[in-house]
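The data below hold one chain only, encoded as structure tokens and taken in the form predicted on its own.
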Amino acid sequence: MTTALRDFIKNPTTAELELVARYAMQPEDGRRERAFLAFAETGLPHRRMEAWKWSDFKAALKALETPASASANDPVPHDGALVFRFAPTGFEQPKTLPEGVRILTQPTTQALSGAEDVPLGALAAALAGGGARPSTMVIEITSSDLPRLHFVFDGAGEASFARIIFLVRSGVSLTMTESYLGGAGFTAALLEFNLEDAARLNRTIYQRGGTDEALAVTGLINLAANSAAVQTTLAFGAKVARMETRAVHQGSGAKLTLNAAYLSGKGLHADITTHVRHGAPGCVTRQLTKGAVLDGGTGVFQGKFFVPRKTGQHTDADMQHQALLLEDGAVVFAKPELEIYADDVECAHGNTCGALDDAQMFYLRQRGIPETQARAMLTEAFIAEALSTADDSVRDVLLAEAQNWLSS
């Protein structure tokens, strides 16, 4: 099987051959094989793939190597939270769990629908597990009276893979945070959220990585009738980093908010990609993404709303992307899309890229504020709106992290 898979990837790179070798060391599992074949169909995503043309993992990831840079410190508070930690060499979870949280760790892989659409998500599903790490972790939430769940991805190593499935039962609310702190040469995580009727999810993501690291976080969200999900992301990028979310409205009255901010400096690449399918009538989506990029940094935004002819009637959706190019040499790629077949909808999208307002800079400078501080103040005010949907327990932390980056 290893030889067949290796030959299936055309002109495999060293990194792809190493991924094949890692797969060969996993227990035999038909569903794991199907997930890996979905990845092997294209190999590491590259610029000749339309959805990945600005985030070329094949070019960036030559081999699986432990990076020189260590993991960043986690600014998200752990106090009072249930902390789960994933590292290249192991996995830790709370020793005791409150009522309302049930965890099932499985040595086998669960089937992944639409694996071909998320090749690095499929790779995470195929390679998760081994040693003390579960192949699939299923977390069932049956109570709203729970502490925040916090997931940390850090630790030194060549590669780290994880797959987590959340089942949020009817009428229940879940608040969770994630910190992706680098330290591994390649990290691929797949998180799936299944929200039953009237369930609620508030998800906040913090990401940091080095200039010699690759990261892909794939989130899949299924919303039943009258459920609601709010997702807030702050990404600083890595050599190549992609935060991808694919959501499906499966029941009428579902509501989805997707907000993100990316801050990218020299040698760093931050990609925010989303795809929302309005598969039920009367659903609402709000999306706001803001970015700020310095010389040598790259920001990517790709967003798509798909509205079918019959099930997408009465859709209410709005997508906005705004970016600041703070210095010459900053690069931003943006591709907002609406694909609408229904005729009774309210859908809009907008996209702007530019520099800081000269009049506002002049106003602050006239009042004795140094140029660097003035630029930081204006940029912080610009991105703050995108972070306003984060949970109260971490919102100030995200704003402080953004402020520190801007001030430095």
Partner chain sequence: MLKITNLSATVGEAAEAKTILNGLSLNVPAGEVHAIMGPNGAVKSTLSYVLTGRSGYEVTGGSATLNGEDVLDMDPEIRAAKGMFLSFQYPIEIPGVPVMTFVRTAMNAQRKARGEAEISAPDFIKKSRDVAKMLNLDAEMLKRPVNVGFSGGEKKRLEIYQMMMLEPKFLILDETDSGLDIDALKTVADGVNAMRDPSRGMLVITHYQRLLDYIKPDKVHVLAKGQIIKTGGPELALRLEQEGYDGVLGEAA
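All figures in this text were calculated on a predicted structure; none of them were measured in a lab. Numbering follows the first chain given and starts at 1.
Another form exists, predicted together with its partner chain; not displayed. Remarks below refer to it.
This chain is drawn without its partner chain; in the predicted complex, the residue among A59, A355, A348, A381 with a heavy atom within 4.5 Å of it is A381. For the candidate set L37, A70, A342, M377, a heavy atom within 4.5 Å of its partner chain in the predicted complex is found for exactly one residue, namely M377. For Q373, a non-hydrogen atom is located within 4.5 Å of its partner chain in the predicted complex, even though that partner is not displayed. Looking at Q360, you'd find a heavy atom of it within 4.5 angstroms of its partner chain in the predicted complex.
When its partner chain is considered in the predicted complex, K53 lies well away from it, no heavy atom lying within 4.5 Å. Contact annotation: R365 falls within 4.5 Å of its partner chain in the predicted complex, judged by heavy atom distances.
Residue heavy atoms within 4.5 Å of its partner chain in the predicted complex occur in exactly one stretch of 62-70, 29-37, 44-52, 365-373, and that stretch is 365-373.
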